[in-house]
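First comes one chain, alone, set out as C-alpha cells in the form predicted on its own.
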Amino acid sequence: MRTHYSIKINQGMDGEEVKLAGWVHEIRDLGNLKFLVLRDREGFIQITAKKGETDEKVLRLIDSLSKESVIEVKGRVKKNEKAPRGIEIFPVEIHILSKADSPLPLDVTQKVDADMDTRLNNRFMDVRKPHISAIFRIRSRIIKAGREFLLGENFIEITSPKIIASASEGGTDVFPISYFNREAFLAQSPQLYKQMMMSTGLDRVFEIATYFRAEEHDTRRHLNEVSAFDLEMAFIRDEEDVMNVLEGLVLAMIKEASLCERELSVLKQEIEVPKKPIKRLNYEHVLELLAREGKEIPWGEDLDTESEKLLGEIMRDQGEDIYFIKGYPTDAKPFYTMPKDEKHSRAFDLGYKGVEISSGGQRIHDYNLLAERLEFHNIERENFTFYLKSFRYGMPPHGGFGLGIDRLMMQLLGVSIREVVLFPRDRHRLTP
C-alpha cells in the first residue's frame, strides 16, 4: 500500500509519484485549498489539494474524512519551501482504509491533555503520539543492543518456564494459579532454572525474562509484571567477573539509547553515557554516606526507596550517575547468595540516578552450604528438590544478575515506569 514512509520523501524527489499510508492527523479547509497531515510510523507529511487542480472526487473524499481515519494516498511530490520539510504531496487518489469514529477517546495532537488512566485505557491510541512511540522505539533498540552485546560475549539465549511449582526465591510475594489439579505459581524470576543451567555445560546463558511479583505497591517505579535481562555465568573467580559483564551490558544499552537522535529530539532529551569503570561502593561506606546526610540505616538492612534516592543525589554531586554497591550482609540477601566472610556476601546492586536497576552476585555452588542456607531462611527443602539435585553432580562456581529493562528506561528518560511499559500491570490495572 505504500512505496515510502513519510521520512523518506525529500526535495530531490520533486515530481515523482509515490504511495503513502497512515492516519489523518490534521485536516484544514481554506476554501480553495485543503490540507491533510498524514502521520505514519516515521513522521508526518502534508497532503495539499487545490480546487481546479485536484480531482473533485478526491476533494469530496477529503471533506468526508475524520481525524485518525486510516488512508492510502497516491500522489506527486512537490517541492514547496513553505511546507513542512520543504515538500508536500499533490494527491491523485485517496482511499479510506478505515474510518475513525468521532469523538476520539483522546487527542493524538495533544492539544487537549489526558490523564494517565485515560491514556492507558486507550493505549492503542496513546502510542500514536510521536513522543510516546519514540519511547518504545528506544526501548526496542536498547533491547537489541543488549542481546547483541551478550551474544558477542559468548552467551547463549534460553527460555525458562514461567509456570513453576514453588516460589523462585522462597518468598511469599507470588501469584498462585490453578494448574489442572495442582497449585502452581507465576515465576518471580528464572533464578532456579538459570542456575541449574550452569551444571549443563552451557556455562553462559541469558534470557529476556518476565517477572511476576505479587507486591502491593503504588509507586512510580514498581509494577507487578516486569521485564529484565537475566543472566548466569559459570567458572567465575568471584562477583567481580559478573559485575564486569553487567557493566559492559548496561553501558552498551545506554550508549545505544544515546544514539537514538530522532527519538530523543522528539522527547527533548539528552542521554549522557557513563564512562568505565563504574564506581564500586562498599555497603558500609554507603551507610556512612547516608548517615552524613541524616539518613540512618541499621547495619544489616537493605536500602529503602528514600535511601536509594538520597544516595543517587550524593553520587550525582560526585559526578557519578551509575554505581555498584557490594558487600551486602549475607542474611539480607536470598538463600543462594555466596557468603564472603562471616558477615558479608558476594552480592551487589547497581544503582542508576537513585534507583536500583540490577541485583546480582556470586551464587553458592556447594550442595551442603546451599542446604544450610535454605534451612537458615526457613525454606522447605522439599520444595526445591529438583533444584538441589543439580548441585550434587558437578556444579561450577557461578553467578549472575537481573537487569530491569523497565527501570533502566524509566531512569534514562526520567519518567514513571508506566510510561515505558506498553500495557503496565499493577494492583489496580489488569486491562487492557
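Don't overthink the numbering: it's just position in the shown sequence, from 1. These numbers were taken from a predicted model, which means no experiment stands behind them.
Heads up, the form predicted together with a small molecule isn't pictured, but that's what we're talking about next.
Within 4.5 Å of some heavy atom of the small molecule in the model of the complex lies at least one heavy atom of residue 417. Residue contact check for residue 336: one or more of its heavy atoms lie within 4.5 Å of the small molecule in the model of the complex. Though the partner is left out of this view, residue 223 does reach within 4.5 Å of the small molecule in the model of the complex, counting heavy atoms only. None of the heavy atoms of residue 398 is located within 4.5 Å of the small molecule in the model of the complex. None of 57-65, 22-30, 359-367, 387-395 except one has non-hydrogen atoms within 4.5 angstroms of the small molecule in the model of the complex; the exception is 359-367. A heavy atom within 4.5 Å of the small molecule in the model of the complex is found for one listed residue only; from 269, 199, 189, 166, this is 189. 213 is the sole member of 213, 95, 280, 344 with a non-hydrogen atom within 4.5 Å of the small molecule in the model of the complex.
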